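Okay, here we've got a single chain as structure tokens, the form predicted on its own, with questions on binding and movement later.
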């Protein structure tokens, strides 16, 4: 009986969004009288940071500081249409819709500023700090605050825009069944190192090294947090979590979340995250969707590491000590 060490590798690609009849998302952007901007969506922030990213995308497109943008994820009764927050589609679909809406609002903003400065709108640019400047003559400028006041109370203009991003439905080819379910894919590879006690079946994950290709990281620190948390979640899926009791029958199962098996801080492996950026041609500023993919490659990597350590293949989750011991016993009897 011994502690055996193994290493496992797994690589995946993951579609951004889905295509089961078209995949649309809409967005609205409008200015307040004081020059702040409101983004209205029906896309829901589940804690992944969608509001922050949509604020960044809107601010970058209009040319204002991010803290001048407010994101309202209303609901399906009062907000513009969205298919939903799932399929790792939020940043890609909603982000593109916000860009369209923000561009339209920006154009109105520049037209109002042009009237105030008595120039052509095409001769204006923003400085990213809340001001609109005449190209080549930055001393001639006007604040976005003053432009918004003028639009509302003097010019009778609505600084607003509408955005609609749609991935058209992809129909299968009759002859081959081929179709295009997604316009871009993210990629990942994980290397996991484990120790397996071949007497007790206990698995200890030592290290998890992950490489993710996600298009472009619009907020690198938030991306890192998402990927690290997803990696830990995947280890929990691989080794711990289940709603089905298995010791030794259903009568011994947990009855609430206090008895739901999950790893604690001391069970988490040393985790490394490397992000590769290959901007997507149709992503907002090149972004893809890292959402669900972050918890995928670690599971087969751990399963492969267990196989490398003790020579048995466990193809049912979670990979419990009992299942490992049963597999070792079956292997020994053959």
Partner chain sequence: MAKIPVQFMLNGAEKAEFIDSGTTLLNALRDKIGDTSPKGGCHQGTCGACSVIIDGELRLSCLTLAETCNGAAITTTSGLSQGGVLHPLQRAFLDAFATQCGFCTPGMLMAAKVLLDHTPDPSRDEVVEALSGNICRCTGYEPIIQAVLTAARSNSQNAA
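Residue numbers count along the first chain shown, from 1. As the structure is a prediction and not an experimental result, all values here were calculated from the model.
Below, we turn to the form predicted in complex with its partner chain, even though it does not appear here.
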| field | Heavy atom within 4.5 Å of its partner chain in the model of the complex - the one residue of 88, 210, 226, 182 that qualifies | value | 226
| task | Have a look at 130, 84, 79, 263 for me and say which one sits with a heavy atom within 4.5 Å of its partner chain in the model of the complex. | result | 263
| field | Full three-residue contact with its partner chain in the model of the complex, heavy atom 4.5 Å, for 47, 241 and 268 | value | yes
| task | Please check if residue 117 has a heavy atom lying within 4.5 Å of any heavy atom of its partner chain in the model of the complex. | result | no
| message | Is residue 236 part of the interface with its partner chain in the model of the complex - any heavy atom within 4.5 Å? | response | yes
| Any of the heavy atoms of residue 258 lying within 4.5 Å of its partner chain in the model of the complex? | yes
| said: At 4.5 Å between heavy atoms, is residue 221 in contact with its partner chain in the model of the complex? | reply: yes
| note | Within 4.5 Å of its partner chain in the model of the complex by heavy atoms, the stretch out of 227-235, 135-143, 88-96, 189-197 is 227-235
